[in-house]
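Just one chain is shown here, as structure tokens, and it is the form predicted on its own.
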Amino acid sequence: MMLLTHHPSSGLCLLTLLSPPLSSAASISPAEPISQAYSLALYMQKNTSALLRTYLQYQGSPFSDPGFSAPELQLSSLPPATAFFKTWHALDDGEWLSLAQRAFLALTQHLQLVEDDQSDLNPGSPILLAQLRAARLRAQGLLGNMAAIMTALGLPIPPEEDTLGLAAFGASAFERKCRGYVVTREYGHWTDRAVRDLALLKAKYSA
């Protein structure tokens, strides 16, 4: 699995490796890219709790206090992973994949922002910075896998958007810590959702 690379453009390289050529999309079964995406999502899921714990540990009180949780904190620029069962159950494959694409695109951008914030707030925390960087690269890799799935299914890939805009800058240290908490928490929630939904796709399109 070629994920642990040190160049910011490595996500683009991985996307190229995992995405099938557009000219042969019609003849490609979605089973292989779905299996690749599912395997990557499972690998990501093993590390999400550790990332959140490490993040909270470095932020100080109240974040590092035992049992800290603030589910009421949200970011308008980051879609929540939670959904009503009826709404989720009514989604078709294209709708779910589009939602997941937009969510993980937003997560890659937000994780970069959190990494920049922590480089400023906690410059002596190489473990945290490395975990944030690895999470961002894995999210980019999952984006590439999902693009390959959508191509194989003949679905349009949502255009890349700037989900941060101008509102991401000029925040206080506490606001940046809160923002990072929401991002690392939602990264875990979206990864859990991806594992669940990709397992359903895997069963549906098994070779």
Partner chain sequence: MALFAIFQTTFFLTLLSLRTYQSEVLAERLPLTPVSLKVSTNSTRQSLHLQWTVHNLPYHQELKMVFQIQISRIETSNVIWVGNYSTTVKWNQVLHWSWESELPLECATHFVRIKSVVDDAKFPEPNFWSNWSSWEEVSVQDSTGQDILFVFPKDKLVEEGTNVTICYVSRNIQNNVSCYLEGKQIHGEQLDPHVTAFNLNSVPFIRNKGTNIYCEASQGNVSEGMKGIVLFVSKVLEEPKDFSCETEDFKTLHCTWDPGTDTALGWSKQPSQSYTLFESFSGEKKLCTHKNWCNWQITQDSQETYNFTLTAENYLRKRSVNILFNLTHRVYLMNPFSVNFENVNATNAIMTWKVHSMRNNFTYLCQIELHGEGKMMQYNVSIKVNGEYFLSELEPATEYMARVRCADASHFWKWSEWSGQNFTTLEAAPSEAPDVWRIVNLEPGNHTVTLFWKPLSKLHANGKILFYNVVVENLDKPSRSELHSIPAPANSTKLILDRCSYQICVTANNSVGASPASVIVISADPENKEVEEERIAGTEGGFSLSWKPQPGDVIGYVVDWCDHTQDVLGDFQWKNVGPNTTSTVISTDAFRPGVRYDFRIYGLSTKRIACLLEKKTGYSQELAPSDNPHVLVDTLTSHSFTLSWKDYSTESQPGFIQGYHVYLKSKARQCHPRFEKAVLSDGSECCKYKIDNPEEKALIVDNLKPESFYEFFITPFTSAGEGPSATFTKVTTPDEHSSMLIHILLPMVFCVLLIMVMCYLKSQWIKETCYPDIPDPYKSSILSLIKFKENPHLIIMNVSDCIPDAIEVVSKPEGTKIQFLGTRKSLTETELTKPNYLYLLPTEKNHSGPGPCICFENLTYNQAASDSGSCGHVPVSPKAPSMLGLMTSPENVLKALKNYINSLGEIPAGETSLNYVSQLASPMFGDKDSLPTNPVEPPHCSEYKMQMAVSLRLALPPPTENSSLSSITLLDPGEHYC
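Positions refer to the first chain, counted from 1. On a predicted model such as this, the values are computed, not experimentally measured, just so you know.
Just so it is clear, the following notes concern the form predicted in complex with the partner chain, a form of the same protein that is not shown.
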Quiz item: Would residue 163 show up as a contact with the partner chain in the predicted bound form if we use heavy atoms at 4.5 Å?
Solution: no
Quiz item: Within a 4.5 Å heavy atom cut-off, is residue 58 in contact with the partner chain in the predicted bound form?
Solution: yes
Quiz item: So, in the predicted bound form, is residue 38 in contact with the partner chain at a 4.5 angstroms heavy atom limit?
Solution: no
Quiz item: Is there a heavy atom of residue 121 no more than 4.5 Å from a heavy atom of the partner chain in the predicted bound form?
Solution: yes
Practice problem: Report the stretch among 103-111, 88-96, 72-80, 132-140 that approaches the partner chain in the predicted bound form to within 4.5 Å, counting heavy atoms only. | Solution: 72-80
Quiz item: Pick from 31, 173, 42, 50: which has a non-hydrogen atom within 4.5 Å of the partner chain in the predicted bound form?
Solution: 173
